[in-house]
Ligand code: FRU
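Heads up, the chain below is alone and in the form predicted on its own; it's given as structure tokens.
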Amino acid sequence: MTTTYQELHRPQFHFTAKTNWINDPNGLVYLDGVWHLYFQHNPESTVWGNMTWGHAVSDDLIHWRQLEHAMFPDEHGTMFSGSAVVDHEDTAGFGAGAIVFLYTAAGRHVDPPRQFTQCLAWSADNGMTLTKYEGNPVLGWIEGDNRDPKISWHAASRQWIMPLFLADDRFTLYGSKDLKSWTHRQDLRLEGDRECPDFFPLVDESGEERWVFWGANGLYRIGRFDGTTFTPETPVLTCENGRNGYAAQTWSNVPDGRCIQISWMAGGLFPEMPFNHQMSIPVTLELAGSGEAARLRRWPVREVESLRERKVRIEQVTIAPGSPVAPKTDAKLMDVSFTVRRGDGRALNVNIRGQALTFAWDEKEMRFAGGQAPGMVKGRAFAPLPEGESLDVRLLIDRTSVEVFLNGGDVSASYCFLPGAYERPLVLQSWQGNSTLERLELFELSSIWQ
């Protein structure tokens, strides 16, 4: 009897590889009813190294099936991060509707060592087989460990746009008509962030197109892009407020107009498991506001609701010190939504399988106790709480992670954890005063591996 996907610390509705290490999501593309998730993978070990592209597919963004590896290291380097697009107009000459991939060949990790370059691969069979372009690399070394191409189409100038990471907090933009010949457009900075850029358009609340420039830590700027120059209209903003969300990328060719993103949840602990690390749940990105006031809003994709099973509801109850509220469930997999009014309480603690998620009202901070492990990507100790006496909270709780969305996605945060000792898997406790739980709705979730 197989125990794969049923191990003690195996996430049950987040993607993990069958075995060994994973990190950045790569080559996210949709075509002919199939969502493709390629990913950084070490096929030989549970630690980082020997970077190869793994591959998984889904018909609903939730249930994943891992396939054979898509690309292996070659004479140009190991297979670092990259992206994919559907070339509907055959600009690259591989056939209309071919999937074209741009990726970094990390030459420092081969013998003899080489520079990092950008290479191309393509597929004519819906991403099942990737063929590396015989003319690789398509963009030579620029500086440092330049890497992580994320291509997208700019309709107004009819060209492909490719951001790259250079070094420190510096990035660059290139443009191409055929995905093979690339011309420099602009250098730019994203203060406080580095690597794994994404660059994509969204329509703001005024109906105008804006472009979002995003970095691996979840920092971003919103502005205008004319095909040559990105002109930011906002300061550097934070979308990923948790410790463990990293290297997010958006899917290309999404059929219904949504902008859908997934992250690597870095820094988690999976002791003595045959796999290491997990992906986030896919989320939908939208713009709230417009112009200088525009902000990203992030929310779980609606497909998550297909996992919902038994429901528990609580209505209008006071949470007093010494009188915690615990929904009647023994589940480890939960989709929880609740609205709470602060009252005169100093803080609200939400105990999740023995780990405390704290809403500190006076400090206007959200903190999570679990998952503080060596090697975590970021040292963020807290996330900002939105203003107001009432707070809407949604929690997606898996065996080793919790993803938090506040006030419809105005604030979001990703956390990894290992459970502590507990009697109830979810308990709400008020500290130094009363809070009011106006409503709580809890869905127990099914596993995607059944």
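All residue numbers are counted from 1 along the displayed sequence. Please read these numbers as outputs of a predicted model, since none were measured by experiment.
The form predicted in complex with this ligand exists for this protein as well; it is not shown, and the discussion that follows is about that form.
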Among 359, 264, 368, 220, just one has a heavy atom within 4.5 Å of this ligand in the model of the complex, namely 264
Picking from 37, 51, 411, 397, the single residue whose non-hydrogen atoms come within 4.5 angstroms of this ligand in the model of the complex is 51
Among 384 to 392, 23 to 31, 416 to 424, 56 to 64, the stretch whose residues bring a heavy atom within 4.5 Å of this ligand in the model of the complex is 23 to 31
- Answer for residue 246 alone: is it within 4.5 Å of this ligand in the model of the complex, judged on heavy atom distances? yes
Test of understanding: in the model of the complex, would residue 196 fall inside 4.5 Å of this ligand by heavy atoms?
yes
Check your understanding: Even though this ligand is not shown here, does residue 83 get within 4.5 Å of it in the model of the complex, heavy atoms only?
Key -> no
For residue 147, is any heavy atom within 4.5 Å of this ligand in the model of the complex, or not?
yes
